[in-house]
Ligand SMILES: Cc1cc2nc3c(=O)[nH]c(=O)nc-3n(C[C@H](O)[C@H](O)[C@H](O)COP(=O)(O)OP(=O)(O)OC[C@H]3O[C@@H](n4cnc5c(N)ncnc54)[C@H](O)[C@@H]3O)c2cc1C
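The chain below stands alone, shown as structure tokens; this is the form predicted alone.
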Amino acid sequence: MQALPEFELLRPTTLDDARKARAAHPESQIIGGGTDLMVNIRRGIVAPPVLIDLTGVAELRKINADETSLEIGASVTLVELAAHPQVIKHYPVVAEAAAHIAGPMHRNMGTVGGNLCLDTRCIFYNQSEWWRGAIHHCLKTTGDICHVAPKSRGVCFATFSGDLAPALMTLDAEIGVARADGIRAMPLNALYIGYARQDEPQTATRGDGKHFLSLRPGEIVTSVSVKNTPGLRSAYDKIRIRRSIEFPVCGVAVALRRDGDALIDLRVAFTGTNSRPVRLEGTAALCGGTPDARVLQDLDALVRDQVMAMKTTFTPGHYRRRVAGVLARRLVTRLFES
């Protein structure tokens, strides 16, 4: 679909008005820069009758950053975040992730909240309406089969590709979530429930590529916050088919601390591989000594075990899993030696 369907656009100027608008229109969708949502609307993937534009809410346009903490409003643009001097100085993994997203024009428009809540994607879902109809619609839209994994027994394997989530997850970030009766805080990690496991029933906390966010009806992500950890070194890198515009084949965020020649804290998170951003479990067992060849080999084993890497882009799954391990090892080595 090329022509946009009709919709009502609401532009609240306060967070209270935004909460009321969301509660009054449960079928609405939130829009920031629209770099992903408007493409999906134009392709006929979604057709929300109401869009709520949050870019006019001043409370959501602020960045507060120093050596102790970081707080980012959901409507802060990616280019603002990437260029903020205090973020670059104290939270480099966040600035680098923001600077890696898409191309300059996308970063000028795209917002933090939009990237955190980015729709999952795959080569069968993110196509024009006539293309999807020609192969019969997939499970994520109106069909009854996941074309990525046809034997998945009703589980969608679309992939999460946002860059900011893994970077912020390595810093133990929390988000603010507004609803009609107030604001609640929750760990960023708890926002993502896209486990996409065909041996588990779907629940409110264990979803798939179609049900990948834990937000309740009417809720809005308003901010993300981090408390700084002294001595933490961090960085982000990713591989993509083209150097700009393209979503990641794999993106990796690493944060670590060292004490002398010993690695004492290691956090590694991925995007572009699973139906959720994945923070590796088991990295504490890799700490206590120098990250030598044995430690890096054990890190690679954790990656192979926890990174799914389905064929949801134009690269095979085994290549994406290998890329994930290589990027993780490179970043750990570089950060430890820097």
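On a predicted model such as this, the values are computed, not experimentally measured, just so you know. All residue numbers are counted from 1 along the displayed sequence.
Absent from the display: the form predicted in complex with this ligand. The rest refers to it.
Listed stretches are 237 to 245, 224 to 232, 193 to 201, 262 to 270; the contact stretch with this ligand in the predicted bound form is 237 to 245, by a heavy atom cutoff of 4.5 Å. Interface residue remark: residue 106 is counted as part of the site for this ligand in the predicted bound form, having a heavy atom within 4.5 Å. With a 4.5 Å cutoff on heavy atoms, residue 35 counts as touching this ligand in the predicted bound form. Residue contact with this ligand in the predicted bound form: residue 250 places no heavy atom within 4.5 Å of it. In the predicted bound form, this ligand stays beyond 4.5 Å of every heavy atom belonging to residue 84. When this ligand is considered in the predicted bound form, only one residue from 257, 90, 211, 100 comes within 4.5 Å through any heavy atom, namely 100. Taking a 4.5 Å heavy atom cutoff to this ligand in the predicted bound form, the contact residue among 78, 169, 94, 175 is 78.
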